[in-house]
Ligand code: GLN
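Consider the single chain below, provided in structure tokens and representing the form predicted on its own.
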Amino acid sequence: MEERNLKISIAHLYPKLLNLYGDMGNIITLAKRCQWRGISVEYDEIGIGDSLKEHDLYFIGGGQDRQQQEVAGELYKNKDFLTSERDNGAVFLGICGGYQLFGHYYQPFDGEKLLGISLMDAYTVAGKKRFIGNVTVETDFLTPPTLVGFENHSGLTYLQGDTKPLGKVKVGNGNNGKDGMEGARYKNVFGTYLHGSLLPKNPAFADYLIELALEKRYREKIELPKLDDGLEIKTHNSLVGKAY
């Protein structure tokens, strides 16, 4: 990477409400992997009632139904802005409950339908079975091609139209336990049920998101220099194919 004063800005959406199973570790991973390369990081925590401004990357974690209810209305107020950001190339990563709200709606067993912000063509309904355990996903856009993480959800997510899965489930249940797929992607919007935290164990995916965020800001592809990921890769490999 040429010597430049590179920077990305990250918005963490509603972390006081949606932050299950170490989701904050995803933010820490993104920030550290930038800083180790000399890339400056501007970080904003967005709470209920806060106004939004343009960022390169938006992250939202998981939570229970009650927390999702609190966040859903707030997200919907910002739907037009976030849709514009998506279409301008901003990167989005949603985990579990946050992932569900990236779609059209989440229908709980009890209670009213929670409207999502339709960043991707997907919807979620509550299932009768809870999916808990380790997950291995085979992708076609990462090297190495696997994602590993931990799922704990009863929501059943279904993809439609131009929204595609992150990959095929090799271990675990994924989006709905039926179609063999996990996660979703549309443009630079990514959703997944993988907690654990996700990105510390999947450095290739973390770097992929950083590269997309840099491309959004600078309107050119910027290749990241390699890091010594020996420990991260060892951790990743130890979980590939491992059932709960």
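The model shown is predicted, which means the values in this text are computed figures rather than measured ones. Numbers follow the displayed sequence, beginning with 1.
There is another form of the same protein, the form predicted in complex with glutamine (GLN); it is not shown, and what comes next is about it.
Enquirer: Verify the flagged residues Asp65, Tyr106 and Gly155 against glutamine (GLN) in the model of the complex: is each one within 4.5 Å by a non-hydrogen atom?
Expert: The answer is yes; Asp65, Tyr106 and Gly155 each reach glutamine (GLN).
Enquirer: Lys168, Arg130, Lys77, Lys164: which sits within 4.5 Å of glutamine (GLN) in the model of the complex by any heavy atom?
Expert: None of the other options qualify; the answer is Arg130.
Enquirer: Within 4.5 Å, heavy atoms only, which of Gly174, Gly116, Gly97, Gly149 is in contact with glutamine (GLN) in the model of the complex?
Expert: Comparing distances to glutamine (GLN) in the model of the complex, the residue within 4.5 Å is Gly97.
Enquirer: Only one of 208 to 216, 181 to 189, 56 to 64, 41 to 49 gets a heavy atom within 4.5 Å of glutamine (GLN) in the model of the complex; which is it?
Expert: Every other range fails; the passing one is 56 to 64.
Enquirer: In the model of the complex, is there a heavy atom of glutamine (GLN) that lies within 4.5 Å of any heavy atom of Arg33, even though the partner is absent here?
Expert: Flag for Arg33 set to no.
Enquirer: I'd like to know if His195 sits close to glutamine (GLN) in the model of the complex, meaning any non-hydrogen atom pair within 4.5 angstroms.
Expert: Contact with glutamine (GLN), yes.
Enquirer: Contact between Ile222 and glutamine (GLN) in the model of the complex at 4.5 Å, heavy atoms?
Expert: No, Ile222 stays farther than 4.5 Å from glutamine (GLN) in the model of the complex.
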